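Let's start with one chain on its own, the form predicted on its own, as structure tokens.
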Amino acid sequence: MPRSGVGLKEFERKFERERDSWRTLRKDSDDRKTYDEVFDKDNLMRIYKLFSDGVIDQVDFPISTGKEGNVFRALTRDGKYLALKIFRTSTATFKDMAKYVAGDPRFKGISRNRKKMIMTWSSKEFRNLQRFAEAGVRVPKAVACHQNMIVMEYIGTDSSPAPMMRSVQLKDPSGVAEKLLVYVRRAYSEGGLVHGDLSEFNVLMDGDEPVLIDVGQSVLLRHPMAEELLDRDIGNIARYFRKYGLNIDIERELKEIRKR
């Protein structure tokens, strides 16, 4: 993958070759189409900006594909791993995004233009990552944000990214459940935030430690949907850990959280 310091034309040629190699490895036509959408001309220019600014020096390989975008492992000039999240500007979840952004005082005068909404969403996720971290919640550390791209801490090992919680057999389910509930309390009381989509799909396991991800939809407590989303988050935690024989009292947990 191209490194910072190369010219734009050389960068584009090398990136195209790397993209083609990923597409070749992916047999699924939807995956190949996704790479075409992610690495269009505009996004290549944005990635080049991150390269030329020295934020990243290399894009390594794809980590995951989500509803809104793709995540890739990247490297810095000194060989440190980072994660690069690229939101697709043609995403089909545009209307869903609007309801989480509307009512957030940090983003007034929300545009109904699709691309501008995606840029706002990217900025919102970046700022939410910062806010969660400040509240003592384990999330990937936010590094940089440029238009529809976020650079953040990479969670994983040299050989592979950290798995989702749903994909592992927890050694200490009670401890993980309690840690997640502590994070929800801290987010609410210290950060004034509700995750809004907390489930086994949005928690990575860094060894035995849970890490909350995908926080673009997270809302401030003054958001009209905040309490409804908190109910859903706690309900999802309780539902998931029933498989481990844990009985989480949803009403008691919600009462404790709302004491703040």
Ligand SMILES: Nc1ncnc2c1ncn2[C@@H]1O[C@H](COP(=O)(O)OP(=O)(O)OP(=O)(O)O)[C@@H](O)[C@H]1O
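From a predicted model like this one, the values you see are computed outputs, not experimental measurements. Counting begins at 1, following the sequence as shown.
What comes next is about the form predicted in complex with this ligand, which is not displayed.
Go through Ala83, Ile118, Leu180, Cys145 and name the one with a heavy atom inside 4.5 Å of this ligand in the predicted complex.
Exactly one listed residue reaches within 4.5 Å, namely Ala83.
Would you kindly say which of Val176, Met152, Val184, Ala74 lies with a heavy atom within 4.5 Å of this ligand in the predicted complex?
Only one option qualifies, and that one is Met152.
Triple contact flag Ser64, Met164 and Ile213 to this ligand in the predicted complex, non-hydrogen atom at 4.5 angstroms
All of them do, each having a heavy atom within 4.5 Å of the partner.
Please determine whether Leu204 contacts this ligand in the predicted complex, using a 4.5 Å cut-off between heavy atoms.
Residue-level check for Leu204: yes, a contact with this ligand.
Contact label in the predicted complex: Glu68 to this ligand, heavy atom within 4.5 Å:
Although this ligand is absent here, Glu68 would touch it in the predicted complex, with heavy atoms inside 4.5 Å.
51-59, 38-46, 219-227, 194-202: which one contacts this ligand in the predicted complex at 4.5 Å, heavy atom to heavy atom?
Comparing against this ligand in the predicted complex, the contact stretch is 194-202.
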